[in-house]
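What follows is one chain in structure tokens, specifically the form predicted alone.
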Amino acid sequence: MKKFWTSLAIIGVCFLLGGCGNKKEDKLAAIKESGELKVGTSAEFAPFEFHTLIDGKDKIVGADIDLAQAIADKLGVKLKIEDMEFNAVLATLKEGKVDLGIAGISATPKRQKAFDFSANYYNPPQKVVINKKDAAKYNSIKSLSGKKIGAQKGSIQEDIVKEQFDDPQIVSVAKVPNLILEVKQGSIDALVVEETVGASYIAQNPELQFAAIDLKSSEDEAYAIALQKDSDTLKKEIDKIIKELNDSGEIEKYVKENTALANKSTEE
């Protein structure tokens, strides 16, 4: 009887407190309480996130960084950027070491099983980058059949290569600049990359160009912000902010301004 009443008392306390061990953490409230928004990114994806020198100091900038700053400002907290390889961003988010993943991430069905995602904030066309000397040779999907095609490791571009090319030899590398170098050197035949990102690198490397190849695009390739599972209140607030920024044209402005900044940085 004593054990019965003890158990009943524990149940009562759990009920009053909203559940023992089952209550979801309010991640939005936790961020506001900490006073800091920690964002994981991979800063070698111009114009969305990249390094540049400002007043002689290295700084991470980009359209995604501007978006992250806008979110932090609207939440009334400080922004802290954590730079890492792209394929580590989601792993770090899952471990709870960052609050958000903002790195040109696409909310694929596979990723949605492990993470929550915001509304899409940018839907980029996908392009194929080749060496100019190969323009006549690589001008169709069929012409790249069985060829070495690069894609950033862990990115949506890996899936595009697998799904849209015939028998490709996929070369997955963590950093886009390394893939650009491989196209220049001829160690890979082509590279699939988002159009704005590709345009930035082509501006820096005049021996490269976009191939006259049309790739299929879908909503799965649009960029969204990754959150930990069960981030309901945080997702709702971020979706609201994204809508405001898109409706006002701010996100498109971020992309254009940082494309110009990325090109200017390389010229200097």
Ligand code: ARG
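In this text, residue numbers run from 1 along the sequence as written. Note that the structure is predicted; figures quoted are calculated from it, not measured.
The form predicted together with the named molecule is left out here; the points below concern that form.
Answer yes if any heavy atom of G198 is within 4.5 Å of a heavy atom of the named molecule in the predicted bound form; otherwise answer no.
Outside the cut-off, so no.
Classify F86 as contacting or not contacting the named molecule in the predicted bound form by the rule of any non-hydrogen atom within 4.5 angstroms, answering yes or no.
Although the named molecule is absent here, F86 would touch it in the predicted bound form, with heavy atoms inside 4.5 Å.
Mark R111 yes when one of its heavy atoms lies within 4.5 Å of a heavy atom of the named molecule in the predicted bound form, and no otherwise.
R111: contacts the named molecule in the predicted bound form.
Consider E194 of the chain shown here, and say whether it contacts the named molecule in the predicted bound form, taking contact as heavy atoms within 4.5 Å.
Judged by the heavy-atom cut-off of 4.5 Å, E194 is in contact with the named molecule in the predicted bound form.
Which listed residue (I130, I188, V98, I156) meets the criterion of a heavy atom within 4.5 Å of the named molecule in the predicted bound form?
Looking at I130, I188, V98, I156 one by one, just I156 meets the 4.5 Å heavy-atom criterion.
For the chain shown here without its partner, which stretch in 53-61, 36-44, 204-212, 236-244 has non-hydrogen atoms within 4.5 angstroms of the named molecule in the predicted bound form?
Among the listed stretches, the partner-contacting one is 36-44.
Can you list, in sequence order, the residues from 96-124 that come within 4.5 Å of the named molecule in the predicted bound form, counting heavy atoms only?
Contacting residues: A103, G104, I105, S106, R111.
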